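In the block that follows, a single chain appears as structure tokens, in the form predicted on its own.
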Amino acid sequence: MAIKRERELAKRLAKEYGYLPYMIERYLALWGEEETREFLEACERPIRTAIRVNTLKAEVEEVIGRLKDKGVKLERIPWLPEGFWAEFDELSPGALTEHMLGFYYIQGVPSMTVTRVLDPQPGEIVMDLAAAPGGKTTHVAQLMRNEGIVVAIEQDRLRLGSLKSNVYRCGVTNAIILRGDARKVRQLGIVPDRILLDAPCSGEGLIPIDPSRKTSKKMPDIRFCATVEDELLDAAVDVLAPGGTMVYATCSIAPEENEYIVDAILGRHPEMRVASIDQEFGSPGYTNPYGIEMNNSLSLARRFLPHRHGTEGFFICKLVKEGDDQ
């Protein structure tokens, strides 16, 4: 009877909020009725605009001053030294001179956080395996102070243009842009110190930004995305230098694309372990989604959820490859 009641509830909520019923069934299984309702309500509210000051082009305080002079209200994001929530009111964030000059990048809070968790250092070799439109690539270069090499890989020919444009606009000079399937990254013969994999996904976390995602993906789509993500992460593990760091992220809230993927990688690659994240944000990853027991270390991963954190949905997991001497 409980299963029947839950399915009836899922159908009612799906009709009320405009979702496919299977999505609501999964939310109820994850969170229960009260939190599911909180999530659905949160997805009806707009996400706050956020920007990243690009210190390759200008100092943080200079950009703050210029934007405040134009009436932009800024609020610092505690764990992101270069990140701000920004209220532009009637101004268009992408039309200001400061944006066109590359002084700031319009970027979601979780997206900025991914690069901070990766913590790239000047002089290193860093790979971004799904690089377009370039928010994380340019942030990586910024934290590296344009020293070292960023290998930015993108498969989509149409999205490659935005990647190149943003790299140029933001003053990045240490990036190599390649078009290709990152699952074949082994063929490059490069051994990176760090890898960022913000994997192509179902985008289920972007519902507050794009309501069409309430109905655009079915369960086979999530399974297809999960297969690709698994293959991408496998390839990344193979090329990462011993002792190296990798961050796996998606803009999906589906455990099938997040904890399931990492748990499988940990099973196949004993040299990999989930590392703790120094920054304080989000909530812990799931260790038993849908009642399926996962590696306990997945609690070290972090999740952004609209109803808890006021952002789009996101998953971030930091992984370390044990070195030969570890």
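Owing to the predicted nature of the structure, the values given are computational and were not obtained by experimental measurement. Quick note: we count residues from 1 along the sequence shown, nothing fancier.
Absent from the display: the form predicted in complex with a small molecule. The rest refers to it.
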{"property": "Contacting member of A226, I207, L232, A175, with respect to the small molecule in the predicted complex [4.5 Å, heavy atom]", "result": "L232"}
{"property": "Of D193, D221, D156, D119, the one that lies within 4.5 Å of the small molecule in the predicted complex (heavy atoms)", "result": "D156"}
{"property": "Interface segment, criterion being heavy atoms within 4.5 Å of the small molecule in the predicted complex, picked from 237 to 245, 74 to 82, 122 to 130, 208 to 216", "result": "122 to 130"}
{"property": "Interface membership of G180, the small molecule in the predicted complex, 4.5 Å heavy atom rule", "result": "yes"}
{"property": "Exercise: P110 in contact with the small molecule in the predicted complex, heavy atom 4.5 Å", "result": "no"}
{"property": "Residue contact check: V140 to the small molecule in the predicted complex, 4.5 Å heavy atom", "result": "no"}
{"property": "Residue contact check: A199 to the small molecule in the predicted complex, 4.5 Å heavy atom", "result": "yes"}
